[in-house]
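Below, in structure tokens: the form predicted alone, a single chain.
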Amino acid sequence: MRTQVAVVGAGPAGLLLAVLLEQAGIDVLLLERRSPEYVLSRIRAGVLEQGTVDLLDAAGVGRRMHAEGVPHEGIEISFNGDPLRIDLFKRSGGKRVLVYGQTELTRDLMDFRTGRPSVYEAEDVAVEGFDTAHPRVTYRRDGTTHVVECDFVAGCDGFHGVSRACLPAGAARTFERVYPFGWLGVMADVPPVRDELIYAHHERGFALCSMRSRTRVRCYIQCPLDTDVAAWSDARFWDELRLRLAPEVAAAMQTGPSIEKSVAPLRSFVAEPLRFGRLFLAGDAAHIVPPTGAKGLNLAASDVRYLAEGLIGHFCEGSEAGLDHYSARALARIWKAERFSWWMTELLHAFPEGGAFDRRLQRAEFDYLRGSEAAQTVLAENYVGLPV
């Protein structure tokens, strides 16, 4: 089999890259080790930056997103019940975020690509020869091994994927911080307690009231990494969440049976560089951010934007500039998002090793944020998305 670009991974990054390349007339084969049903079952983020929304519109997949997504012009941050609203729209010069579940976005991209070359449930995927002029990807399906000859490989297969794992020792330098806690998350079909997201710092731990739509919430509480989900009934979760919110918010909150419950660890991770010959890394294969700043999916989208521009420049314009600068260009934005996500995480969580001094610093940081329009502008600019 022969294609111009082999995209490994059919999450939103791989799907969006395939759509953008195919619109430019470039041949793409999409490979995914899981089934479509499994891909759609994964519960992920739901806050889209303005730049991500614009890119999805340009790709032609924004119709349902605009019909069902919920635009937000602000967020609330509370510190031990003391609330502060950040006016994102005012502080960022007229930008918003859009709440739209990653599962729904993935479904839209899948539907848009119906009939395009895709292989799901591809086993034993391997990337070979990426340091030559003739890379190839091999995989096995239904007991038969297949070989895909290509010009380039895009590794969009996540943190545990094969794309980064295929690199020789020392080829990539990695930077990582693993946080000493996770998030216990619950999804339920009840109305959100507020029209905007609520981030809460409490001495018992962080909490977040988020949403996927006007009738479905996704709420989180900070928890130990070894938390047993089975030990948390719905009633216990909602009671703990109420304890960490401002009293008026807790009193107004509606609860219901969970439709999903899970624990997610928190980590910051970056691999450098993002290009290895004719193999490029994008999305979670290249970086992970704590979900506190709502940057994971949005960083993947900006990676894809840069990589699509580079590949289109190569195939359609005969220019290598975009591919040559892809890694540096993407990493510059990645590290700024890593900084913001780290800052939000440091401000809002209770760190097990933290003492009274650390807690006083967190309070001082919050008070400074509340009293400084400049600090609120910095937060808003980062939250709605830095320029691409």
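Worth saying up front: this structure is predicted, and the values here are computed from it rather than measured. Residues carry their position along the shown sequence, with the first being 1.
Beyond the structure shown, there is the form predicted together with adenosine-5-diphosphoribose (APR), which is absent from this document and is the topic of what follows.
- Interface residue among 102, 302, 92, 78 relative to adenosine-5-diphosphoribose (APR) in the model of the complex, by the heavy atom within 4.5 Å criterion: 102.
- Site annotation in the model of the complex: the residue of 310, 296, 192, 205 reaching within 4.5 Å of adenosine-5-diphosphoribose (APR) with a heavy atom is 296.
- Contact between residue 282 and adenosine-5-diphosphoribose (APR) in the model of the complex is found at the 4.5 Å heavy atom cutoff.
- Contact between residue 42 and adenosine-5-diphosphoribose (APR) in the model of the complex is found at the 4.5 Å heavy atom cutoff.
- A residue is said to contact a partner when one of its heavy atoms sits within 4.5 Å of a partner heavy atom; residue 31 meets this definition for adenosine-5-diphosphoribose (APR) in the model of the complex.
- The shortest heavy atom separation between residue 109 and adenosine-5-diphosphoribose (APR) in the model of the complex exceeds 4.5 Å.
- Look at 33 to 41, 352 to 360, 56 to 64, 322 to 330: in the model of the complex, residues with non-hydrogen atoms within 4.5 angstroms of adenosine-5-diphosphoribose (APR) sit in 33 to 41.
- Residues of 1 to 40 placing a heavy atom within 4.5 Å of adenosine-5-diphosphoribose (APR) in the model of the complex, in sequence order: 8, 9, 10, 11, 12, 13, 14, 31, 32, 33, 34, 39.
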